[in-house]
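Shown here is one chain on its own, the form predicted alone, set out as structure tokens.
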Amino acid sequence: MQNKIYVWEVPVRLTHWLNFICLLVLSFTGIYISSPFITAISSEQYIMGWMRFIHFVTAYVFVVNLVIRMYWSFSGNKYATWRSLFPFSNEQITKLFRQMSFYALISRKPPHEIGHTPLAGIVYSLLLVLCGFSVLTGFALYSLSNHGGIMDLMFGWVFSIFTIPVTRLIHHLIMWLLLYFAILHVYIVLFLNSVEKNGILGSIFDGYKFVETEKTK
């Protein structure tokens, strides 16, 4: 018998989809900024200006969205908490190795978990670090047009560690890593949805998953 369990709360789902939208917009505009592929017929079209404007506005939205998700990791339910992102207990460590065995095709038993699996928690933590570096390098590059301003004061120090080309390269590489993660994430969700049959695909829309009764105890 299966139980219908409310797993992903509204803030978790909203920040998830907003992150996805921001990633697409930032990637498209970022690629254009680094290598323009649309030809302007006249200067009045202001294509590069609009691309930069959209890129930076979306970057601010992305940062606010990350802050909201981090806040909810302390205020949300047990499936949203920051504790679910790290396999601290012996039980979680055991589950982590079982999940790795499943993805390595050593075990045929899928890693049934109501919330985030331990491996997913580790990956999302690393993803948060990548996003942090993306924001840091992105705003550092933005500060180049704000010499002596607030952005320069807050992020200009980055260039005392990395040169401008290296900072730009790091920012660009992180974008491709995030896009690769998004593709892999979709594949894994579709795969687990067909194997576990617990509504994981629909849960990010309505928040509910279907779990066997004994697994909810």
Partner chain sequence: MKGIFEGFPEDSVSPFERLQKRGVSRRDFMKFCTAMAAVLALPETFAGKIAEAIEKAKKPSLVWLEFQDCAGNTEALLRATKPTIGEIVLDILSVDYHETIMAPAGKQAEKSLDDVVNNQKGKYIAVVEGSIPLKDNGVYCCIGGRSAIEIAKRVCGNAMATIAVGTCATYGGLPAAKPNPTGAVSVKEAVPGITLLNLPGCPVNAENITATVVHFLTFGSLPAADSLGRPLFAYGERIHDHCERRAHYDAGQFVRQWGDEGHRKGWCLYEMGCKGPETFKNCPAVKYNEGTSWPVQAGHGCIGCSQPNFWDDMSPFYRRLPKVPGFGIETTADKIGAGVAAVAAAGVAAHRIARAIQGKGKEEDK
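Residue numbers count along the first chain shown, from 1. In this text the structure is predicted, and so the values were computed from the model without any measurement.
As for the form predicted together with its partner chain, it is not shown, yet the points below apply to it.
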{"item": "Lys78, heavy atom within 4.5 angstroms of its partner chain in the predicted complex", "value": "no"}
{"item": "Any non-hydrogen atom of Trp157 within 4.5 angstroms of its partner chain in the predicted complex", "value": "no"}
{"item": "Contact test in the predicted complex: Phe133 vs its partner chain, heavy atoms, 4.5 Å", "value": "no"}
{"item": "4.5 Å heavy atom contact, Tyr60 and its partner chain in the predicted complex", "value": "no"}
{"item": "The single option of Ile122, Leu128, Ile93, Leu144 touching its partner chain in the predicted complex, heavy atom within 4.5 Å", "value": "Leu144"}
{"item": "Residue among Leu184, Val67, Ile150, Ile161 with a heavy atom within 4.5 Å of its partner chain in the predicted complex", "value": "Leu184"}
{"item": "Stretch 180-203: residues contacting its partner chain in the predicted complex, 4.5 Å heavy atom cut-off", "value": "Tyr180, Ile183, Leu184, Tyr187, Phe191, Ser194, Val195"}
